[in-house]
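Structure 1 and structure 2 below are two forms of the same protein chain, each written out on its own as structure tokens.
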Structure 1
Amino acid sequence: MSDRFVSLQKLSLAYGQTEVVPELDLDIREGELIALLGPSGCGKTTTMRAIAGLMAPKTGKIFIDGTDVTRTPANKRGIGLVFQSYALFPHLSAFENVAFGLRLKKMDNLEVTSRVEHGLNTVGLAHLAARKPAEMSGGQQQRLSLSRSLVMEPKVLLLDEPLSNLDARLRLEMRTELQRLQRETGITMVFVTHDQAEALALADRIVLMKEGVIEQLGTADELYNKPASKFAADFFGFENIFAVSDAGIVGNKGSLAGTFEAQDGHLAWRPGAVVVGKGPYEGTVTGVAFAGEQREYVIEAALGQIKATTPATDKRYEIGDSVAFDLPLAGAWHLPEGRQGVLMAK
């Protein structure tokens, strides 16, 4: 299996005079499910469009399976596309939606029928072959869109935020479905999303992007537990990030003294790592939200806002209450200057 099945080399992408991706290098392994993750405007969808052949790069090259496809038309790249909107033909049955691309290739009817039946079976829709998209649920339409791409036997399947139109339960079901399809077919998938949970649940590796640049590349475990920058830490749930100084830790309003190592960099805590109800510091509760098994608090303190969570069975605090809290060094994530993250020793 190739470690450079899809290779983007010095890729620069722009809309007119507006540069969106300045210079991107990325290698995607054969059979890998990789997620392009980041906020709106980070360049993830633009990068996917370039791989698909829907936009020409300003500079750089794109290779798929060892072939330079930089100037190859989209329909000759061996790429499958699954869009956020599904892009199904409303007047055609599920069978004919899946068969559409095969008929364009002028395959004989027996081959078309065999492939379509197999494709619908793969996504569990064989019993709905005669239905039109409007007669199907959102999850069924999404699976139909996947089947339509897979029957074309693409080298790479590109998915552009395919789960964003589904409700929470269906999103969970479709994550499982995508993992199963990827495992069974072995196809290389590039999944574009702004949802951290989707990327963490699905991807073999995650490409976190910011302003057209790769901020961090690694496994879900690496990005979630070992963010390499303030941006990555904040994106993956370290909501309390403060600079370290000789005075302690410094926020946007002031500082808190403590036994923190006075060195350049930042310390970051997830809300669940903040101790509420005891500790050397004090603040005022300015926000409370019940979230099922836990409560979420916003505490206004000397250095600024602290976000914390506690089990719902713990003592409840109300807005306006004074509350003691602690930011224990054990388990805090240390982000020194230079982007390298280090877990503080317990």
Structure 2
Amino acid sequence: MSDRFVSLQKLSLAYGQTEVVPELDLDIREGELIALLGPSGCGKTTTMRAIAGLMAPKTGKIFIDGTDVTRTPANKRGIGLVFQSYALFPHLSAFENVAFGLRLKKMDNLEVTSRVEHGLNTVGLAHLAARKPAEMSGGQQQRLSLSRSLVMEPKVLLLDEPLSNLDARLRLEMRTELQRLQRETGITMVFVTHDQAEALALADRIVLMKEGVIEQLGTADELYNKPASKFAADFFGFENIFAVSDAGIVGNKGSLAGTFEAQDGHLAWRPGAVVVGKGPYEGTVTGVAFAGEQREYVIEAALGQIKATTPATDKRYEIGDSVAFDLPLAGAWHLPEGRQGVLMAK
């Protein structure tokens, strides 16, 4: 198993004069399921297109399985791509959609038939082989698109927001499906998403991108529990992030004096870590929402907005209520200037 099965080296990508990815270095391991995560417009699709060969990099190199493919045309790279829009061929049946690539390989008919049948079976579509894509549901089209790429046995399978067009239930189903397929086939998969929950649930490793730059790369556990930057912390649910200064914390509206004894940098709390109903600080409730097992509050305090959640069984505060709160130092995530983040001691 190669640790650098797909290797992007000093890759820089641009549309005309617009630079999207300045310089990207990334190594993807053989057989892993890796997520490209980041806000809209950060260059996820662009990076995928470059790996697939649909877009030529301005500078830099792309290696796949040890071979430099930077100048290899897209149809010779052996890479599969599942498009967000599925990109199925509307004039062909499900069977012929899956057979499309195999027929181009000049494979004999019997072989094609058996492979297509197997491919459709894997994604549970064998009974719909004769249907046209337009006669299938969104989830079925999605699986068909996946199957069309999988039968080609690509070295790498790229998936661009594979689950974003599906409803919540189907999305969960497809998540499990993807994981199963990946485990069964052992194909190296890269999938794009801007949903952190999806990345956490699916990926072996996550690449967090921001404006074309890798902000952090690591396992789900690392990114969720040990975000390396303010951006990463914010992306993984630390909704209260404040700068530390003179044992106080500074928000966008003002500051909160207190005993925040930490080195300069930032302190971050998840909404669940904020104590509501008691504590040394005071704020006004400006938003409250019921979210099943918990209640979500927006509290306007001297330093700005605080996002907090409490168990739904706790006392309920209404909009306009004055409420005491605390930001306990123990358990806060600390991001000292220029150094690794640490969990503040209990």
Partner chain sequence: MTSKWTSRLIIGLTLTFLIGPFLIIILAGMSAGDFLAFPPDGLSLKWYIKVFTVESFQKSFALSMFLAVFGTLTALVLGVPAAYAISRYDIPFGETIKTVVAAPIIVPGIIVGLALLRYLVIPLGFTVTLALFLAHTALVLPYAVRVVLSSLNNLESDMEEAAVLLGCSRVGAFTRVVLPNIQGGVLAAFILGFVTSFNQVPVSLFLSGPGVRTLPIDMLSYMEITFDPSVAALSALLAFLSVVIVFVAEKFLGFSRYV
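So that the term is clear: the rigid core is the largest set of C-alpha atoms that superpose within 1.5 Å between two forms. The first residue in the sequence of structure 1 is number 1, and each one after it adds one. Note that the structure is predicted; figures quoted are calculated from it, not measured.
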Between structures 1 and 2, the form predicted together with its partner chain is number 2
query: Is residue 73 among the residues whose Cα moves by 2 Å or more between structures 1 and 2 after superposition of the rigid core?
result: no
- Message: Taking the rigid core as the reference frame, tell me whether residue 186 has a CA displacement of 2 angstroms or more between structures 1 and 2.
- Response: no
(request) Indicate whether residue 93 shows a C-alpha shift of 2 Å or more between structures 1 and 2, with the rigid core used for the fit. (result) yes
